[in-house]
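Here's a solo chain for you in structure tokens, the form predicted on its own.
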């Protein structure tokens, strides 16, 4: 139950990376912050491959061996016929570098928010927002069966896919089936896995309109997961069944010690992430990469920026949508172009046949991709496959 006060400068709903960074940032700048989390344990259950690039991570928190499960040096992308393209860590994207333990990592971020001065309540579920004069003025919530309301100058919604906080405030956060990647993941032990590389497997047999991943976690263990479009799920195909098929062939003697399922937005960011008195961050704002599904770095960046803008807006006595839009505009200026490009690439590759995917991977056989950026690699693929990838040329204009 909220005991210290019934009015805060900032309320953050959701204690994932975006929420905790937002809470920490605002609290460190002198705001009175409350962060609520509906689950009884922060970081659990894990709905993430747990991969994150080192440089981007270090912008927000110093790595700690207690929550780093493995350190990889690159990624390997497999065509449907097994042909492999190897990429170095530097060009493998924002999901390759460390494989972390999200349960410990999320709690470390929440601990930093608490040390900065934020008040945190778990097993506390937001049930609505308080609207007055068109402004969000706080939330209604429940804790251990008790109902209460708590007010704030700004509410930050970090409550995940199809954010309820956003919907209650009038922002459309719904996703069409084609814009939602539905996945399943096994934490597997006692398997033969290369500890130095993350793997990405493509193909309509393995993962139609999606991909399968293997992220090493040390000691012969790995996160093995698969995500497919919600449209494919609507046709009766289940990610967990496809994942089991892969496991039976690739790791027949492996031990499954944890199973998680969930969804990731693959639509590109929301057009509107703010309204009067409210900001959305992380998956609530659809900020994950539409191509890879990775979202930890984007979420942390959003949380920090939202915390900064919230603090300044409150000090000015102006929490209007127009004022808070600074957060949205700045975040999109930093990440929008890249995510738009990822969405274009995803939409182009999803309809491809296995034969076409094989041809594209074969076209760079013998080409040294290790020193290319992802953008440069796409340019190389387009030059070598001008007919199949013609529509992607606009990305380079």
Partner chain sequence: MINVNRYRCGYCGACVSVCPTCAIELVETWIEVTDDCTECGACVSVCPIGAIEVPQ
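What you are looking at is a predicted structure, and each value in this text was computed from that prediction instead of being measured. Numbering follows the first chain given and starts at 1.
A second form of this protein, the form predicted together with its partner chain, is not displayed here; the remarks below concern that form.
Mind telling me which stretch in 34 to 42, 63 to 71, 362 to 370, 348 to 356 gets its heavy atoms within 4.5 Å of its partner chain in the model of the complex?
Partner-contacting stretch among the options: 34 to 42.
So in the model of the complex, are 201, 217 and 292 all sitting within 4.5 Å of its partner chain, heavy atoms only?
No: no residue has a heavy atom within 4.5 Å of the partner.
Just one of 340, 47, 332, 54 has a heavy atom within 4.5 Å of its partner chain in the model of the complex. Which one?
For this set of options, the contacting one is 47.
Given that its partner chain is left out here, which of 114, 175, 131, 79 has a heavy atom within 4.5 Å of it in the model of the complex?
Exactly one residue meets the criterion: 175.
I'd like to know whether residue 238 contacts its partner chain in the model of the complex, with contact meaning heavy atoms within 4.5 angstroms.
Yes, residue 238 is a contact residue.
Taking its partner chain as it sits in the model of the complex, is residue 125 near enough to touch it, meaning that at least one heavy atom pair lies within 4.5 angstroms?
Contact check for residue 125: yes, within 4.5 Å of its partner chain in the model of the complex.
With a cut-off of 4.5 Å between heavy atoms, is residue 183 one of the residues that contacts its partner chain in the model of the complex?
Residue 183: contacts its partner chain in the model of the complex.
Is the gap between residue 104 and its partner chain in the model of the complex 4.5 Å or less for some heavy atom pair?
The answer is no: residue 104 has no heavy atom within 4.5 Å of its partner chain.
Counting only non-hydrogen atoms and a 4.5 Å cut-off, give the residues of 143 to 166 close to its partner chain in the model of the complex.
Residues within 4.5 Å: 161, 162, 164.
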